[in-house]
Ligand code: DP6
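Next up: just one chain, as structure tokens, the form predicted alone.
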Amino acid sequence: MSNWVRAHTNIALIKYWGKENETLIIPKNNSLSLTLDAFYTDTKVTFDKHLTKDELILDGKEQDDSALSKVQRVLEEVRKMADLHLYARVESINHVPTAAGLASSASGLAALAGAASHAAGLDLSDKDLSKLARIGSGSASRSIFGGFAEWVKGHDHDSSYAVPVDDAQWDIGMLFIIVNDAVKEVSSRDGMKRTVETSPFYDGWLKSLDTDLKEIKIAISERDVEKVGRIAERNALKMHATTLGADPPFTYWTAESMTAMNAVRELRKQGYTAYFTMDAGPNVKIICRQSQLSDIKNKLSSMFKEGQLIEAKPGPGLHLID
């Protein structure tokens, strides 16, 4: 039984930055995200008795062993759950630039969890799908759900998974400013590890998270875009500050990232609801009112090219496609 499954990217508003357990991908803190409609991954898994090894075909090209290893973590778990002893062909089409700080691994590994479990004949709950996706990529645990989702850190495999928070069917949207879609020099995984191990700022970041999380959940329940944006922006800036204290120091920001952040501050002065967030990459995402999305895009069109500005609305959770 082999079907295409689609998962959308999510962008964390309260960031996940640091692992408690590297092997199980248990995070140091809870995180909260918004799943979006603009970027997604379609994946199909086929377990086949004729295969002599697992295969990963991404955008029509067979991938090497290092790309395959992340995928095999999920496949191994599925085979164990289904008592299945077959190799798999994984075909994946990424409608997200890979490894550019646009959450391609979130949609990719969530789609894989859905497609592999479906192909193995498992009928998993959303909670179990979230746990399965997490062992491939932490942020993928949240892409099982549409709208806002919170990844509860837990302490072991069974207690670390995402839960839905709000369907986000109100006046909130996001504008992506793609300043660079090339592969990052420092991967999220390596950057996270280096920061946790060496940055003196990391403890301060960790201590401030519970307050940010509590406040943003209240803001979401009140449907207060302004407050959601304000909390998300300060949370992102604190996360990026930790990388400057790492040894050796590094940053995901570029000159164009700074230009984009300044443009957002300028929009606020002009009366728009506009706040930025950034993941482990140079691209900037503007949290704004959905009703102001096209207006804000027009305002920025003189500074950035058409292809650099992408409008996004809240997206759906994991689902089968024809």
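Only a predicted model underlies this, so the values are computations on that prediction, with no experimental measurement involved. All residue numbers refer to positions in the sequence shown, first residue = 1.
A second form of this protein, the form predicted together with this ligand, is not displayed here; the remarks below concern that form.
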*Looking at G229, G146, G138, G173, which is the one with a non-hydrogen atom within 4.5 Å of this ligand in the model of the complex?*
G138
*Since exactly one of K297, K70, K44, K28 fits, which has a heavy atom within 4.5 Å of this ligand in the model of the complex?*
K70
*Stretch from 61 to 69, 276 to 284, 289 to 297, 35 to 43 whose residues place a heavy atom within 4.5 Å of this ligand in the model of the complex*: 276 to 284
*asked:* Check M239 for me: does it contact this ligand in the model of the complex (non-hydrogen atoms, 4.5 angstroms)?
replied: yes
_L132, heavy atom within 4.5 angstroms of this ligand in the model of the complex_ = no
*asked:* Although the partner isn't part of this model, could you tell me whether H95 comes within 4.5 Å of this ligand in the model of the complex, counting any heavy atom of the residue?
replied: no
_Exercise: K127 in contact with this ligand in the model of the complex, heavy atom 4.5 Å_ = no
*asked:* Under the 4.5 Å heavy atom criterion, name the residues of 190 to 217 that approach this ligand in the model of the complex, in sequence order.
replied: M192
